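Just one chain is shown here, as structure tokens, and it is the form predicted on its own.
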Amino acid sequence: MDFTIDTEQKALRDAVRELAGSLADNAPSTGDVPVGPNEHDEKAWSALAEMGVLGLTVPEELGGMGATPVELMLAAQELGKARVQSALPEAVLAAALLAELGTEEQKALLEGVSAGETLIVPALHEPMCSFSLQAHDVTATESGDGWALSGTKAPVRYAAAADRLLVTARAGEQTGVFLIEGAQAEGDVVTFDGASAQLVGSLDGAADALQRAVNVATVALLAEALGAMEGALAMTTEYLKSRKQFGVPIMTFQTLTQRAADMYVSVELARSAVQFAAMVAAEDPGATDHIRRARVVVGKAGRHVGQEAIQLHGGIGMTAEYAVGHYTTRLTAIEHTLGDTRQTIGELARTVRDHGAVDVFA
């Protein structure tokens, strides 16, 4: 498979790289960065919208760019490398659901999403439950011309800043997707007490559409993780060159250079997995097994690269302000978003019998 990107894709990558550099923290890449929770940055969001990043995967007829997950991957990778956190994966997931399932009125919201004027984020996770596309405790009941939601969703990233939420809720024996406006959020916890909501699409078609939307959003997450790994590796190799002990750079110690080489191998393995996942998703967003396999590779690689980056930096790597720890923090958060590595391995294991055996000696 050819992973070479074309001229237009290179131009997009370079443009996002330049923008991400201007949006990144002002501290140098080898110095301290601010600590604390990541909040929605409206200035950065507007800049991403102006470049067209927010509408990359939104169909052209709905106000977007009509690009594929490959272009999304290139953009998210540069944001991850520059430590620019945003609601891009969440917005991608929400846009994919509305584009496939929404009514004409609901699809009209996507123009505002692409323009950065409307922030719609998904509320899929439920507290004390492993991640599942099937809703558990959040329920939906018909109420007049609409629906009423009850229950709690958490964590919901950027819930406090969102204009609308796309919520999964159980309606009888099925799970549906519901659009709600003006939900009350305390941090990343959203509680519904009879909140009025609109059904997006139908209950029958929600499950498959939700899985396809999650797959595309996962590509964005994995690409951001790849960018973070690249940034952590670059910081680590630079530190090994500049830090001296016993009068010589520590890069001259064979064990340390071997560990850095192992980090490089993990990053390159993750790169191949992410690029393959993006290309597969561009052809078929429903290729869930391929996305899951890439998720496992990136999850393991991210943990290895993050931990080694901190270890090879020594004491300074353990400080909360130092940038390499922020890369590792984000890698950890990504690994536990929309599921985690261990859960994904379990899901893949359950489908082993569905695949044929290959006789390598035939």
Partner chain sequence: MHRHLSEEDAAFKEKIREFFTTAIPEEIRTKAKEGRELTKEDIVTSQRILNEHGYAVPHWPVEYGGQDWTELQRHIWRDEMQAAGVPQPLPFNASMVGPVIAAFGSKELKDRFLPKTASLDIWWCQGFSEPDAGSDLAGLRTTAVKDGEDWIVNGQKTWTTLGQYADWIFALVRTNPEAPKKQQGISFLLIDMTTPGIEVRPIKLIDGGREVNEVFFDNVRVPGDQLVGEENAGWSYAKFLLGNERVGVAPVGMIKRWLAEAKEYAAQVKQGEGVVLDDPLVAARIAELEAEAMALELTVLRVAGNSKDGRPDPASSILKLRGSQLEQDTLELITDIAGPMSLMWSEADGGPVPVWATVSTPRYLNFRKASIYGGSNEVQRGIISGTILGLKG
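Numbering follows the first chain given and starts at 1. Please read all numbers here as calculations on a predicted model, not as lab measurements.
What comes next is about the form predicted together with the partner chain, which is not displayed.
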Quiz item: Though only this chain appears here, would Ala213 touch the partner chain in the predicted bound form if you measure heavy atom gaps against 4.5 Å?
Solution: no
Practice problem: Please check if Glu283 has a heavy atom lying within 4.5 Å of any heavy atom of the partner chain in the predicted bound form. | Solution: yes
Quiz item: Within a 4.5 Å heavy atom cut-off, is Glu181 in contact with the partner chain in the predicted bound form?
Solution: no
Quiz item: in the predicted bound form, does Cys129 have a heavy atom within 4.5 Å of the partner chain?
Solution: yes
Quiz item: Counting only heavy atoms and a 4.5 Å cutoff, which of 139 to 147, 111 to 119, 250 to 258, 194 to 202 contacts the partner chain in the predicted bound form?
Solution: 250 to 258
Quiz item: Heavy atom within 4.5 Å of the partner chain in the predicted bound form: which residues of 180 to 208 qualify?
Solution: Asp188, Val189
